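Here are two versions of the same chain, shown separately as structure tokens and labelled structure 1 and structure 2.
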Structure 1
């Protein structure tokens, strides 16, 4: 490569390199350094793994950590099950204006901020809200019931807030599926289950992996939805991180918690890609 071309390449890459370095690499290095120190005197610190020992010694912390991971996995699975039929209809059934209309309707809720959308669910689900009042007036409940502040309401909010991020990769993947492959499989006597498993799901695997990665990472790091819909009993790990940083001013412990959440996210993404047989580079391209 000639020097002029090499210089041009570096100039083109400079914004991306600066963005990655200043907004991703350096903050994570700072978090790592914070998590490995302990205050021994005012303005004096020493290397220590005490922050991580505290996490494993305190049942509340690792219980909240495991709970957050399990609910995030469940939310990802539910989002996939809800999004796949819709994505199939958009990619293979809807045509022309109806397809554009469906995509517009899916995008419409995201014109509002996450807080506004989450507060909308609060208005619908709280004891004096719309849905409990309807159930009461229809005679289905003896009195208005409180539908907020439980795991079901947290799951509902997480799935709703991340559904679009599963739909888009699935639609992109299914649109490239040749309809003649499905028709040929039916002509050869293939059952619906086998066609779904061996042709449709196999072809959509990159989209499934990309959507699942995005949804899992979004739900795992979500703070607003679990706090508003789960209340004081939400027991979400990002709330523990917020408490350490903002409420207790214990930045070292908060940094350790943040790093543990990052490790969990990376590990789960790696396992998911291995299970679906996808490469990380291919998933990034699909995303």
Structure 2
């Protein structure tokens, strides 16, 4: 390599190394260290697994953890089921203007911020909000019912926030499916169910994996939606992290929680990719 090229390489490498080193690697080492120490006296710390012990001893914490994981999984599954037919329609049926219009409509809520979307659901679901009032006026309920602050409202908000991240990889995957494969399978006597399973799903598997992984991660790390739509009952794990850091100022405990969440997130992503036989890099590049 010529010296000029070497210099250029180092110049290009510097920002990347600073970014990954100072903003990703070292900060995560920092919370790892934080999570493994305990204050024994003012300004004196010792190695300890106390934070992790607390997590397992206190049912509130690991219940919240498990609950967060389960609801996230459920939200991912629901999002996939809801999004697939729409993705199919956009990729394979809609043409020209109607296709462009649908894509634009899909993007619209996501160009608006999560705060705006959540505000919309609050207005719709609150006891004094739009939907309970309608139900009451239509005589379907004896009095306006509170639709907010329960698990269903959390799930609804999460699925709503996740749709785009599922739809885009699905549409991309389905668009590359050659129509004539479906026609050939049909021509050879394949039933609709069989075509869906053998041709369509196997072709779309990378897209499904990419979308699901993305949605699961975003849901797990979500804070606004569960807190604002679930209220006091939200019991979301990120809320615990914020509480430890901001309200209790117990950084050690918060760091331990953060690491646990990171491990769970990484593990689920890894399992998800293993199950569908996908690589990490290519999956992320898809989304």
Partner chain sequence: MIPSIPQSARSRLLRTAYLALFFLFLLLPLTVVVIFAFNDAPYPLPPWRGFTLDWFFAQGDRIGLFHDEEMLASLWQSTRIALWVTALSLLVGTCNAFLLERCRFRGQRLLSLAMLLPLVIPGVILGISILAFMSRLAQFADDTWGVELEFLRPGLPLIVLGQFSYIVSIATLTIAARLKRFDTALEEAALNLGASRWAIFRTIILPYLRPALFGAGAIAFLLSFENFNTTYMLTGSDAPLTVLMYGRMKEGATPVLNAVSLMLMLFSALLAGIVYRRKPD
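Small disclaimer: the values here were computed from a predicted structure and weren't measured. Residue numbers count along the first chain shown, from 1. For the two forms, the rigid core is made up of the largest set of C-alpha atoms that agree within 1.5 Å on superposition.
*Asks:* Quick one: identify the form predicted on its own, either 1 or 2.
*Replies:* Of the two, structure 1 is the form predicted on its own.
*Asks:* Please say whether, between the two structures, the C-alpha of residue 263 moves by 2 Å or more once the core is aligned.
*Replies:* Stays below the 2 Å threshold, so no.
*Asks:* By how many angstrom is the CA atom of residue 20 displaced between the two structures after fitting on the core?
*Replies:* Residue 20 is displaced by 2.5 Å at its C-alpha.
*Asks:* After fitting the core, how far does the CA of residue 10 move between the two structures, in Å?
*Replies:* With the cores aligned, its C-alpha sits 4.6 Å away.
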